[in-house]
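Quick setup: one chain, the form predicted on its own, written in structure tokens, and binding and motion questions come after.
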């Protein structure tokens, strides 16, 4: 590992580029999450109704309908035909996340993300063991289960226990079951399974991962030849398994992180002091292989 002022991930980037530059995308993400929450809460709290509704279904400025396609899918499974505006809202959201990456929702919108990020940060600071790690396919099984339960019960049952929905209610109505669920997720990620909820269990993340599997916006290891194997990107990435194919690829192998599990959070971009990573599109070509320099014998022969 490259020596630096600290063993903490990103310490060298902070020393070389400054704290703000080494946390740019993290700060922008937090601002994005706060802005989305504020848009939904400023109406009930202050009477300024820019957005009416919740993350499940909303109307912006009285004109733009937006609906969570996962909720609409559950409604269809429960044999409830949504209103035309709800279907239109779901189509708009589907198109947006299909272009920018489904799990962008997880990193840039979901209000549970700061909770699990805090648990991951504290887990690392305390030096706790990695803990139990469920198979990542578990969240796909849970996704299927929520649709099956909706079909069997005729209700959108998942929304009764969805931590995102419960947190929204908790912010509106105060202390209750919502905060116990959020606390349970925090403690689960802190003591039981590092990044266990978002990375292994959450069916919402599983749905958006499938939705954005072919999205246009991607992270690219476009300067992977400059990588010095410090491993900081792996340490901060919520889904570190997605980095290897792009970063370790040789020659014509794509430098693009193509996995639908990537949330485009930008932390790998922040912490890399060599500026290996950047946002790009999925069609970016592999880095050009530099021509080999002639050796001494070749120069003498010339």
Partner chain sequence: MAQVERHDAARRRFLADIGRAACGVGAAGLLLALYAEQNDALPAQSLRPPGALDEEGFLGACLRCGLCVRDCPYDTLRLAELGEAPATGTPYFVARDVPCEMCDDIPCVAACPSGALDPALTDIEDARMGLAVLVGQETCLNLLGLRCDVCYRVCPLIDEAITLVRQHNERTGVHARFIPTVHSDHCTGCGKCEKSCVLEEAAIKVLPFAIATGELGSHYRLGWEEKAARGESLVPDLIDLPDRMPEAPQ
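Positions refer to the first chain, counted from 1. The structure displayed is predicted, hence computed values, not measured ones.
We do not show the form predicted together with its partner chain, though everything after this point is about it.
*Asks:* Just to confirm, with a 4.5 Å cut-off on non-hydrogen atoms, which of 109, 115, 96, 181 contacts its partner chain in the predicted complex?
*Replies:* Checked against the cut-off, the match is 181.
*Asks:* Which pick from 100, 156, 211, 119 sits with a heavy atom within 4.5 Å of its partner chain in the predicted complex?
*Replies:* Looking at 100, 156, 211, 119 one by one, just 156 meets the 4.5 Å heavy-atom criterion.
*Asks:* Does any heavy atom of residue 169 come within 4.5 Å of a heavy atom of its partner chain in the predicted complex?
*Replies:* Residue-level check for residue 169: yes, a contact with its partner chain.
*Asks:* If you check in the predicted complex, is residue 191 within 4.5 Å of its partner chain, heavy atoms only?
*Replies:* Contact check for residue 191: no, nothing within 4.5 Å of its partner chain in the predicted complex.
*Asks:* Using a 4.5 angstroms cut-off on non-hydrogen atoms, would residue 32 count as touching its partner chain in the predicted complex?
*Replies:* Residue 32: no, not in contact with its partner chain in the predicted complex.
*Asks:* How about residue 220: is it within 4.5 Å of its partner chain in the predicted complex, going by heavy atoms?
*Replies:* Although its partner chain is absent here, residue 220 would stay clear of it in the predicted complex, with no heavy atoms inside 4.5 Å.
*Asks:* Which single stretch, out of 235-243, 259-267, 273-281, 48-56, brings residue heavy atoms within 4.5 Å of its partner chain in the predicted complex?
*Replies:* Looking at the partner contacts, the answer comes out as 48-56.
*Asks:* Residues 128, 195 and 247 are flagged as a possible site; in the predicted complex, is every one of them within 4.5 Å of its partner chain by some non-hydrogen atom?
*Replies:* No, none of 128, 195 and 247 comes within 4.5 Å of its partner chain in the predicted complex.
*Asks:* Where, within 131-160, is there a heavy atom within 4.5 Å of its partner chain in the predicted complex? Residue list please.
*Replies:* Heavy-atom contacts within 4.5 Å come from 135, 138, 141, 142, 145, 146, 149, 153, 154, 155, 156, 157, 158, 159, 160.
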